[in-house]
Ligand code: NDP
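Encoded as C-alpha cells, the following chain is the form predicted alone, with no partner shown.
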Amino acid sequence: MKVIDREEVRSRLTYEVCIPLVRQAMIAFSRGETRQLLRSIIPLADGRMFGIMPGALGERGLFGAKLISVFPDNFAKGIQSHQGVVVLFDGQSGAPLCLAHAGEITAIRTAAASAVATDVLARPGADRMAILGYGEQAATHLRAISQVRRLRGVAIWGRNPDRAAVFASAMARETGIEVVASDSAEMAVEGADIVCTVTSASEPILFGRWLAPGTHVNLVGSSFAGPAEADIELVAGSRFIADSREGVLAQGAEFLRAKAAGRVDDSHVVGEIGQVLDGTLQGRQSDEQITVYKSLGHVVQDLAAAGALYEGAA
C-alpha cells in the first residue's frame, strides 16, 4: 500500500486542486452516484471523540473509510485536533491501495467545501469576512475562501484575545489581506458579508440578530448532534442548505435545536449544496436573504481528495 503522509498531502492538495474536487464530489453525492453511511461517533473522555466514516465513489469506483480522532485540547499543544487515516480500496479487486493522512485532508477539504458553498451562496461582491475561531480551520478557511472572493478585510474573534491577535497578525502577513482581531464575536461579524464559525463551542457564539441582511454563514465547527455554534433565530431566519440533508436532519445540532423549539421542521433544510451546484436547487434568492451552509463534513470529500492524491491527479 502507498502511504501519503501529512507533508505530501499539504504540498499536493492545494486549494486550486481541492475546490474543484469537492465541487464534483458533492454534485455526485446529491445525484445519488456515491454510496455512504452516516458517520458513527464514539465519545471518549474529556470531550474527545473517535469517528468512523465509510463510503464509496460509485458502485465500481474507489471505496474506503476515514478513521478519525478529535482531541480539541490538542490545539493548545500545537498538535492537530483531528488525527487519523483515510483508507482507500480498489473498486475492481477490493484490494487496499492507500493510507493517507486524514488530519491534513480534513483541514483542507473542509475549508474547500466552505469555499465551494460560499462561491454559490454569498453575494458576488462579498468582500468582508468574519471568522469565529482561530485554530487550524480558521487558517484554512481564510486561505480557501480567498480563492473564490476578493477579500478586502477579515475580522477574527476567539475566546483568548491574545491568541486571536497573534493569529490575525500571522494571517495578515501570509495573505496580504487586512486581518484584525475583534474584541467580541458581535464586533467581528458587524459589516461582514461572509461569516465562518470554526469553533469547539458547545453553546451558540453567533446570534441571528447580529447579522446584516444578505450575509452568508458557513456553520462548520459542530459536526454532530449536541454542540451548537449558532442560535435558533439564525437558523429560523435563514435559507438553510446542507452538505448532506440526511446528515443534518440526524446530526446537525443547530437545526435540531431549532426543530426541538418548534421554530422549524424538516422542510427548513431546503436541500443540499450539490443540488445548488448542479442547478437543480436555487441557492440565494435575493440580495437581502441570509443564507446558511451547514457543514458536517462528508466522506466523499475525503475519498475524492485521497483518490486524487493516490492517482497523481493532485
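Throughout, we count residues from 1 along the sequence that is shown. Being a predicted model, the structure only gives us computed values, none of them experimental.
Beyond the structure shown, there is the form predicted in complex with this ligand, which is absent from this document and is the topic of what follows.
Q: Just to confirm the contact call: exactly one of 147-155, 186-194, 91-99, 128-136 touches this ligand in the model of the complex at a 4.5 Å heavy atom cutoff, so which is it?
A: The contacting stretch is 128-136.
Q: Only one of L121, V179, V85, I205 comes within 4.5 Å of this ligand in the model of the complex by heavy atoms, so just point that one out.
A: Checking each option against this ligand in the model of the complex, the one that comes within 4.5 Å is I205.
Q: Of S244, T199, S238, T215, which one comes within 4.5 Å of this ligand in the model of the complex, counting heavy atoms only?
A: Selected residue: T199.
Q: So in the model of the complex, does any heavy atom of V70 sit within 4.5 Å of this ligand?
A: The answer is yes: V70 has a heavy atom within 4.5 Å of this ligand.
Q: So in the model of the complex, is this ligand close enough to V220 to count as touching (4.5 Å, heavy atoms)?
A: Residue-level check for V220: yes, a contact with this ligand.
Q: Should L296 be counted as a contact of this ligand in the model of the complex, where contact means heavy atoms within 4.5 Å?
A: Although this ligand is absent here, L296 would touch it in the model of the complex, with heavy atoms inside 4.5 Å.
Q: Just to make sure I understand: among 100-125, which residues lie within 4.5 Å of this ligand in the model of the complex, judging by heavy atoms?
A: Residues within 4.5 Å: T106, R109, T110.
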